[in-house]
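What follows is a single chain, given as structure tokens, in the form predicted alone.
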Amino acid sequence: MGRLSEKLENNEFVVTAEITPPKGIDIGRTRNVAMQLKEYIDAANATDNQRGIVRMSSMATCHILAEVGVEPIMQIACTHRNRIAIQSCVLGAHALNIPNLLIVTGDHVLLGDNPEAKAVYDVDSIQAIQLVKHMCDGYDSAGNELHPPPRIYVGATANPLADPLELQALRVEKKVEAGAKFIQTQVVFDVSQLIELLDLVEVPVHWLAGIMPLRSAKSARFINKRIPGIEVPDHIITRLEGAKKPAEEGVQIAIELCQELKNIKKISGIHIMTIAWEESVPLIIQGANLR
């Protein structure tokens, strides 16, 4: 297993980040970003055709991350794969020494630039986690023995803004029961909403709180309009509007959120998500004394 699982299972605080795969075949920027971040983070999550937009595969991106010394977390979206393809990805991840998976439902194709594509959803995220656990126990979905079985550390996601929140808590519990070892949350701007979800979930699991630095009030409004599951509060938009240097203010807001979150007993780590602004990650980590 990898560094992420070792630290979490030893109850050590972790820091992860999101690295978006390239839209083409040029991997130069991906490698450069990974090299810049590797001294600051415990692992990096390579997204899987996020927002329904075609990008390099998560598996290939994870291989690139590993080559430069960053432990990868391979995202698998149920939107794009049936159960056969999901299991194929698990075997491929093990073969390439990718130690971590993050199973997500995925963004619907109608949100992206290929709305004519067909969404799959053969299994949901809970069922996909169960598939992976079954494989790690030594069998594929058809009952064929896997010898030796893959060894993968599996995570899932949760959204503190979900309504009703009780249903979200129930789904988190089902994901943990299915085999998820850590839960990565959607972006948190209101810590009280996350605390409410933490209090509703009654099974033990490692929580990684999602953080997103904002460059400007304009970018915050774009997120509210175009990215489902995230809501930037009005008071943060007002703060960005009044700042002389909005990008610096956005980093400071992220730092303050990290400082608040790391003092919550159930939080095991911070996951930093950026929109092509990975250079802000070290600033946040250093500013919040996460390292």
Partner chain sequence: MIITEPKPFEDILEMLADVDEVSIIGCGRCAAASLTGGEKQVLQMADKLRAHGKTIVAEIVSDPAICYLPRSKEVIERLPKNGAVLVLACGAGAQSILEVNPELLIFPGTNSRFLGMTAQVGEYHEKCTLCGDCLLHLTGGICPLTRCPKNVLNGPCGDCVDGKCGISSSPFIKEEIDCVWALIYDRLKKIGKTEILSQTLPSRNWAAKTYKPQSIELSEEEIKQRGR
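Note that the coordinates shown come from a computational prediction; the quantities given were computed from them, not determined experimentally. Numbering follows the first chain given and starts at 1.
Another form, the form predicted in complex with the partner chain, is not on view; read the next lines as being about it.
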Item checked: T185, Q87, S219, Q130 - the one with a heavy atom within 4.5 Å of the partner chain in the predicted complex -> Q130
Notebook entry, point to check: Within 4.5 Å of the partner chain in the predicted complex, heavy atoms considered, which of V203, L96, L170, I195?
Noted result: L170
Note to self: Contact with the partner chain in the predicted complex for I152, defined as at least one heavy atom pair within 4.5 Å: yes or no?
What the structure shows: no
Checklist line | Contact flag, V120 vs the partner chain in the predicted complex, heavy atom cut 4.5 Å | finding: yes
Note to self: in the predicted complex, does E260 come within 4.5 Å of the partner chain, counting heavy atoms only?
What the structure shows: no
Note to self: Although the partner isn't part of this model, could you tell me whether G106 comes within 4.5 Å of the partner chain in the predicted complex, counting any heavy atom of the residue?
What the structure shows: yes
Check: in the predicted complex, which of the stretches 144-152, 67-75, 206-214, 161-169 has residues with heavy atoms within 4.5 Å of the partner chain?
Finding: 161-169
Next item on the list: Heavy atoms within 4.5 Å of the partner chain in the predicted complex is the criterion; list the residues of 69-100 that meet it.
Entry: R83
